[in-house]
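Listed next as structure tokens is one chain, alone, in the form predicted on its own.
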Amino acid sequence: MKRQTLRAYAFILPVMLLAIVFVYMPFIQSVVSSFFTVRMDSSLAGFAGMENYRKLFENEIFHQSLSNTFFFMVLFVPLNIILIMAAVLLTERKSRSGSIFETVFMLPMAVGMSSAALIFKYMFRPSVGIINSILNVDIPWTDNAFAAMFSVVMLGVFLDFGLDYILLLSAMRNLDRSVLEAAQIDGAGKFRLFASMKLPLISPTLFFVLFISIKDALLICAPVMVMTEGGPFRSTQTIVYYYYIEAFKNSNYSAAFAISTVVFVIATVITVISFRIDRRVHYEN
């Protein structure tokens, strides 16, 4: 083995050790434990086979949490991508006024998750919240299932906005201008230029942002915990928040391990589907 190869392995060895100890080993232990009855002290009481999964899939709360998660994903992912792309198109060209908008769009990165969740919680309060005052409406955000879910979606968009905006804006500004100018000379309008030239060229970054948005939607927990606590009537309780309740509130570790394994399987399926879509993404040679 070459000396340079050995040095490369030496550099990545600490990271690999950390990944093995804090990621892979706990994951394997979680999957194995999901087939056992687990005591409250986390010790294994006996082999349960598929019993934990049978109880889980017969539980209506699990089905509701799973459907809430996918409903959140359906609302969050398209809205997140559309709003970010609108912001990118607004600030695509560098200008003095554009720098103000850039600062505003990047500000969410400076706000902590818990702080943002508390701010949104008070903003969406039906009686004293600023949202109802601005819109001059009387929407019961905390009592209506769809309204509560929409408020959590808006919080998720806010939390993801800053980083996703920087990624897509950087991709847009680094496009080959000579290619775009040639298309304009040939008579391409703004919409045709965006749909046929810019969008395919930034598709690798767009795919990455899309994948991260799906991942964040699937694993959302802390914003729900702070803002709605899964209410009203579990209408915003997601699958990972359900895992938190079973593991840390109910000490039902057998169910918690089974839930974590199910989430991993769902994430794996989404990843496989995503990389099939990746084949259609345009990468520059």
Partner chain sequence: MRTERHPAGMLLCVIFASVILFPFLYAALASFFSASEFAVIPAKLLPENWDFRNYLKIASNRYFPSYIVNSIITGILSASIRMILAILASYAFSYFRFPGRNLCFAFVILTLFIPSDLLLAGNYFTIQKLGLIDTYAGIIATSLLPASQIIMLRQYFLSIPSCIRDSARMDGAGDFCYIIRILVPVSRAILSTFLLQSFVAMFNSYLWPLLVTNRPDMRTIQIGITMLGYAESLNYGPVFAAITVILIPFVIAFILMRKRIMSALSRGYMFM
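It should be emphasised that the depicted structure is a prediction, and the values quoted were computed from it without experimental measurement. Residue numbers count along the first chain shown, from 1. For the two forms, the rigid core is made up of the largest set of C-alpha atoms that agree within 1.5 Å on superposition.
Missing here is the form predicted together with the partner chain; even so, the following discussion is about that form.
Asks: Could you check which residue among F150, F211, F71, F194 gets a heavy atom within 4.5 Å of the partner chain in the predicted bound form?
Replies: If I apply the 4.5 Å criterion carefully, the residue I get is F211.
Asks: Out of I139, A183, L83, L75, which one falls within 4.5 Å of the partner chain in the predicted bound form, going by heavy atoms?
Replies: Going through each option in turn, the one that passes is L83.
Asks: Check M123 for me: does it contact the partner chain in the predicted bound form (non-hydrogen atoms, 4.5 angstroms)?
Replies: Taking the distances in the predicted bound form, the answer for M123 is yes, it comes within 4.5 Å of the partner chain.
Asks: Using 4.5 Å between non-hydrogen atoms, is A188 touching the partner chain in the predicted bound form?
Replies: A188: no, not in contact with the partner chain in the predicted bound form.
Asks: How about F47: is it within 4.5 Å of the partner chain in the predicted bound form, going by heavy atoms?
Replies: Judged by the heavy-atom cut-off of 4.5 Å, F47 is well away from the partner chain in the predicted bound form.
Asks: Using heavy atoms and a 4.5 Å limit, would one call S67 a contact residue for the partner chain in the predicted bound form?
Replies: No, S67 stays farther than 4.5 Å from the partner chain in the predicted bound form.
Asks: Using a 4.5 Å heavy atom cutoff, which residues in 105 to 126 contact the partner chain in the predicted bound form? It's fine if the answer is none.
Replies: Heavy-atom contacts to the partner chain in the predicted bound form: F105, M106, L107, P108, M109, A110, V111, G112, M113, S114, S115, L118, I119, F120, Y122, M123, R125.
Asks: Does the C-alpha of Y9 move 2 Å or more between this form and the one not shown once the rigid core is lined up?
Replies: After core superposition, the displacement of the Y9 C-alpha between this form and the one not shown reaches the 2 Å mark, so yes.
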